[in-house]
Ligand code: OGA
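Next up is one chain by itself, shown in C-alpha cells, the form predicted on its own.
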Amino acid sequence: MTQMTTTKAGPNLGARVEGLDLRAMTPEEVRELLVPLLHEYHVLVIPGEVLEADELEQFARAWGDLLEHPASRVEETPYVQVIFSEGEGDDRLGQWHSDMTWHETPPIITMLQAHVLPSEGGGTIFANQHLAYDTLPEELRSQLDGAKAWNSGKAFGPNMPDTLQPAIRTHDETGRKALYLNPVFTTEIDGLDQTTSRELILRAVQHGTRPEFTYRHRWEIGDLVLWDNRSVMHYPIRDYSERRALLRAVVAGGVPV
C-alpha cells in the first residue's frame, strides 16, 4: 500500500479513496482503514484497479460473509454477479432502491466494479437516508416511526420471498436512523390500505431523494464503488444505449431493526 488519501466526493456523502492495493489488503487493514470511512461517508470510490471475479470476492470477504444473488452470476463463483445492460428500458430496477430489502437479512454492503462502460452516461446516484430521516417533517416522521413495510423479491422470480422490514432502520454499528423505504421492492406499509400506503411510501421516497442529499458518480473503468445499504439508496441512470458491465458482490447483514 502507498499512502492512502481521502477526499470528499459530494457535499453530504461519498469519499474518493486512493493509494490502496486492494489485492494486498488484509481483513485487518480493511477493518482499520475502510470501515470507519464507510461509516462516515456511506459511499466509497476506489479508482484504478481492475479486479477479476475471484479477486473481488476475496476483497469483499474482508467485509464479512457474502450473499448469493438471483442476478446473473459469473462461472467461477456464486458470490459475484455480472450487472449487464444496454441502457434505457432494459431493466425495471433503474429506479431508487436499497439492495435486496426483500431478503430476511439484506446486504449491508454492495460493491460494484466497472469493467465495460458506455462512451457517455450510465452514472449512479446515491442518496443519504440518514439525512433524509434527520430532516423528515414531524407529521411524516410520526407516521413512519415504528411502522413496518412489506418488501417483495418477486421481480427476480415467483419463488423470491416477501419480508416485513422496518420503515425506519437503525444502523447496527453507528446507531443512526435512516429511511428504509424504496419504490422498487417496498409494496405496502403493514396495516394500511393500499392507497394510503402507496401515498406514504411516495412521500417518503420523494423526501429521501432530494438533490441536497445526493451524490452522482460518473464511472470510469476500474472504479470500485462500495456503499452501505443501511445508509443510502441508489439509482442506476439508464441514459445510454451501449454495453455496460460491472461486477458485483454483496456482504450479508443481520435482521434490520
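The first residue of the shown sequence is 1; numbering continues from there. Remember, predicted model here, so these are calculated numbers, not experimental data.
This protein has a second form, the form predicted in complex with this ligand, left out of what is shown; the following refers to that one.
Using 4.5 Å between non-hydrogen atoms, is A114 touching this ligand in the predicted complex?
No.
At 4.5 Å between heavy atoms, is I83 in contact with this ligand in the predicted complex?
Yes.
Report whether the minimum heavy atom distance between R248 and this ligand in the predicted complex is within 4.5 Å.
Looking in the predicted complex, residue contacts with this ligand include R248, since a heavy atom lies within 4.5 Å.
Classify R169 as contacting or not contacting this ligand in the predicted complex by the rule of any non-hydrogen atom within 4.5 angstroms, answering yes or no.
So R169 does not count as contacting this ligand.
Within 4.5 Å, heavy atoms only, one stretch in 172-180, 132-140, 118-126, 146-154 touches this ligand in the predicted complex. Which?
Contact-bearing stretch, as computed: 118-126.
Check D54, R61 and Y79: does every one of them have a heavy atom within 4.5 Å of this ligand in the predicted complex?
No, none of D54, R61 and Y79 comes within 4.5 Å of this ligand in the predicted complex.
What are the residues of 226-242, in order along the chain, with a heavy atom within 4.5 Å of this ligand in the predicted complex?
Counting only heavy atoms within 4.5 Å of this ligand in the predicted complex, the contacting residues of 226-242 are W227, H234, P236.
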